[in-house]
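This document opens with one chain alone, in structure tokens, the form predicted on its own.
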């Protein structure tokens, strides 16, 4: 993508940024790339294998990235929602980075995928996407590709689970979460897990058991999902990073629906739009107060 490379070179040569965070080819598919030398911008690519949400490198927990200097970050439309969330919560300052938006026609479920982008291989985040052209970035490059194929329908999966009897639904989640080895890859990859010290790491008092057993696993995943309610950008990176293939994102997607129905709020890419957590409305019915 010549426009992306030309823009990256221009930003680096002008000294506007010290590093461009984008994507590059590797032996195991596409991976994040950190380019600080204008001579290396030809490493940068963008295609359907660029699944990573690079907004996670703006997370304030990543001090080692911040020390590289002012960054330009390549973002898809869905990634821009995570950046907006960090801005909304004042975790980052807009003047500290530059966004390079890329027009997107959908991405694979994994960065090492080959073959056509179809219903079986497309990422779950792409179903019904409405942000194929980012609006938050200062720069947007690339031509708008055709509409992505229809893939995994998370609404249908959540509806199927909610139609189960409660005991059957609990059994489903017990089976899935029993696989969890508590590696916390889901937390590490998430752009909106911003706590300097995660609740699972606190020992006095100990809120969540650290052992990888069903009870502790259930407490961990439910606590994390509730922390992301009304905040999750829907990138499903947590599910992709999970080494056990647990459908973690279904929890986030379900709670996004709860927040939408209760507060008429859908996570977007406008950092000035208030979110339910941290906002006050005089017409809030406060049904949870009894």
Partner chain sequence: MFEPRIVAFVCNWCTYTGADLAGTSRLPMATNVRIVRLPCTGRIDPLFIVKAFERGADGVIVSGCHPGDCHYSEGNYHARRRFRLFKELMDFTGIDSDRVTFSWVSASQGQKWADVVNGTTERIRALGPFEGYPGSEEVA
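All of these numbers come straight from a predicted model, not from anything done at the bench. Numbering follows the first chain given and starts at 1.
The form predicted in complex with the partner chain is left out here; the points below concern that form.
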Partner-contacting position among 161, 113, 140, 129 - heavy atom within 4.5 Å of the partner chain in the model of the complex: 161
Taking 10, 14 and 94 as the candidate spot, are all three within 4.5 angstroms of the partner chain in the model of the complex by heavy atoms? no
At the 4.5 Å heavy atom threshold, is residue 39 in contact with the partner chain in the model of the complex? no
Report whether the minimum heavy atom distance between residue 214 and the partner chain in the model of the complex is within 4.5 Å. yes
So, residue 50 and the partner chain: in the model of the complex, are they within 4.5 Å at any heavy atom pair? no
4.5 Å heavy atom contact, residue 133 to the partner chain in the model of the complex: no
Exactly one stretch in 98-106, 143-151, 76-84, 200-208 has heavy atoms within 4.5 Å of the partner chain in the model of the complex; which is it? 200-208
Going by heavy atoms, what in 58-80 lies within 4.5 angstroms of the partner chain in the model of the complex? none
